[in-house]
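A single chain, nothing else alongside it, follows as structure tokens in the form predicted on its own.
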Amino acid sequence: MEMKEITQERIEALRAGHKVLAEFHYEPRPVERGYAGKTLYVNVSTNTIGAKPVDERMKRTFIGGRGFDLWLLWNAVKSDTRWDSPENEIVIASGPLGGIVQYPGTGKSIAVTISPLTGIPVDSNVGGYFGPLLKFSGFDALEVQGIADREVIVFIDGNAGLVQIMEAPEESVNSHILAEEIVALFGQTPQEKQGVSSVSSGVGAEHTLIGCLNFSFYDPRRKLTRLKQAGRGGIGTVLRKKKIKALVVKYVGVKGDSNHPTDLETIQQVGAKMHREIYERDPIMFTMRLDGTNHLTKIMNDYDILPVHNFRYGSHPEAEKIYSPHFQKYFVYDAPDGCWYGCTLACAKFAAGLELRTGPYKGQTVTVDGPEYETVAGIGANCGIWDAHAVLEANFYCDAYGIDTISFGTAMAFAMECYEEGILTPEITGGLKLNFGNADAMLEALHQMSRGEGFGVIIGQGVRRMKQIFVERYGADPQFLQDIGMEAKGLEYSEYVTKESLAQQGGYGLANKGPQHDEAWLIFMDAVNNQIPTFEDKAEALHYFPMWRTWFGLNGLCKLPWNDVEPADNRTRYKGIEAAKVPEHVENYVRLFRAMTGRDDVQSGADLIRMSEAVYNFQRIFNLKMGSGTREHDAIPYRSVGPVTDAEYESRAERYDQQLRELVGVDPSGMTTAEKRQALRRYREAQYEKLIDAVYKRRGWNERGIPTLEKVRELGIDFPEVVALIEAHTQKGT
């Protein structure tokens, strides 16, 4: 972020407040075959620091990344642990393939905690340097437990073999300033600065349940610190509850063989081939190197999948105003934009020269990392705001305040619809006119979240709690709110309209953490290309793709190099669902994993899927431990299934009337719109239930959505507590 240079006087003032509360010395050892062999435990209540061993069974069963996170968290919490309990942890890990510099997309970290929004484990992946630097510092994962009695920083020096908990009374809270301060404090030379990465949040996370984590990395060409977000599920809210200003890792000396793989030559060969493919194919596919993910906005609008006005509609004539060219004028193209060494896909765009028009930094010129598609679709289209500057400004403040742009956009759109429906009034909102398209009101609500005041704080509680508040305080119709409130399991929907894709409805409703597209994105395969027409086809897709995408999170990988570029002959060599798997790239990952770990038992993509099944089923059982994980928790709001209002139906009347005739067997002639809606609803809701049955069967779960004992034994996750949980729920029939 562009800002005034941090003076030496300011740095000395910050250092003066750094009273060391605890420290831990260890002997740095090289990573072997992708693993450091230890995890780091920090408790900020007791100021305890220690290391735990990573044994062979942990590596074989949980692999790394999200798997390690879940296993460590499982052993730290009880069934009655809540997000704000001291024993709740934030766990962050990379994975055995994390930090490879020869292959694109290997800089991911995965953060896990008990979510303030859902009460179950949430996992969120993020780019940047933290995960790889943590591993090269000697730790496969970091688990942070407790609640500090003062503001602290946890500092890991991987070169010196030192971990400290230190008082941090003077540092800023908002990430765009704090990240710069951290680099100034712990990095002297450009090389050292690039070896410093922090995890932080902001004041907005303190007053809401939708706080995000900001992971920093230093951009030496632009001489500024940039941010990537682990946005989902309120993990930033947990960090601020713990009074942690920053988790900091410093490691200088990343090399091509820092992971000490079994077969470096194979990794280099596979990486070189992939780099060539990106250079050749990205310009004629999705132009990630030019636009980042925001190229999707036009595609989604063209296919009637872009969320507009709280997911009522899938397109809008003004959507062109927030297409990627309106952001490109802010982008800086003087260097590649990868968020880890060696990523030639380089999708991490950032906008420069944005002059802020509102808020505490009004008048300042700043840079903004992004915008990502989800931010543009959520804050822009879903709220009816067709103004690129307003979207960028909200993006900046969400990052600075530590607010998840997806939950913010979806929650704001819900509040706007409630306002337009008369459920909310200016008297209730404190004067905020929450009409769709009111960018000023949207930004003011965001600033209220940062200040902990006004109706913005209510919006920041998320859609599920807003529904409860609006019923209890304002007499709203609970069924209508349930229908239009776009959350499941307590997590706000990410930004795709799913009315015409039954498979994507399942992809959202059956996702372990709640409706996030990183488990399954099947809209095009299902609704556009009709490649999975039967329930069995859809169930197979909802088995394979969530397991495949889980595998990226076990290994510290970004999914974009898998299917956002494809070999030139992929669609001619393979058809349908097989083409969507991009088999040549699957083989790349098989070769990478085997070359890194030396595991000769890994010979095919099926072996990778098998790894993920164990962790995926374990996470489902973890939900069960926390009071969720059964069929009723896989329910979804009807707006993600079909039209809730007459206006929605009538906007696509020809489509829906045809479906009534051809699919439902009902002649809509002479029926009122309300009658047609109800007939369509009965059919579509029944379809969703049939889909759930088919998916449960394919995954080896019972009709309640609980993995069977046979399944957990087959997967090697039949730990005593797991077996006891399943037996107890099976006996109760719940």
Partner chain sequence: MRKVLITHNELCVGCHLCEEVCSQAWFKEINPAKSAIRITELGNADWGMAVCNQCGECIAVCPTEALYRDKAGVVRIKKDLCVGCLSCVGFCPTRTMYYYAGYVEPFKCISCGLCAKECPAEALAAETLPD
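Numbering follows the first chain given and starts at 1. Because the structure is predicted, anything quoted here is derived from the model rather than measured.
This next part talks about the form predicted together with the partner chain, which is not shown.
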For the interface check, one of 348-356, 214-222, 115-123, 372-380 should have non-hydrogen atoms within 4.5 Å of the partner chain in the model of the complex; which one?
214-222
The partner chain contact in the model of the complex: Tyr341, any heavy atom under 4.5 Å:
yes
Residue contact check: Ala272 to the partner chain in the model of the complex, 4.5 Å heavy atom:
yes
Quick check on Leu162: any heavy atom within 4.5 Å of the partner chain in the model of the complex?
no
Under a 4.5 Å heavy atom criterion, is Val77 part of the interface with the partner chain in the model of the complex?
no
Considering Gly627, Gly576, Pro336, Gly431, which brings a non-hydrogen atom within 4.5 Å of the partner chain in the model of the complex?
Pro336
None of Glu280, Asp477, Glu320, Glu453 but one has a heavy atom within 4.5 Å of the partner chain in the model of the complex; the exception is Glu280
Does each of Lys538, Gln603 and Asp718 have at least one heavy atom within 4.5 Å of the partner chain in the model of the complex?
no
Quick one: which residues from 241-263 get a non-hydrogen atom within 4.5 Å of the partner chain in the model of the complex?
Val254, Lys255, Gly256, Asp257
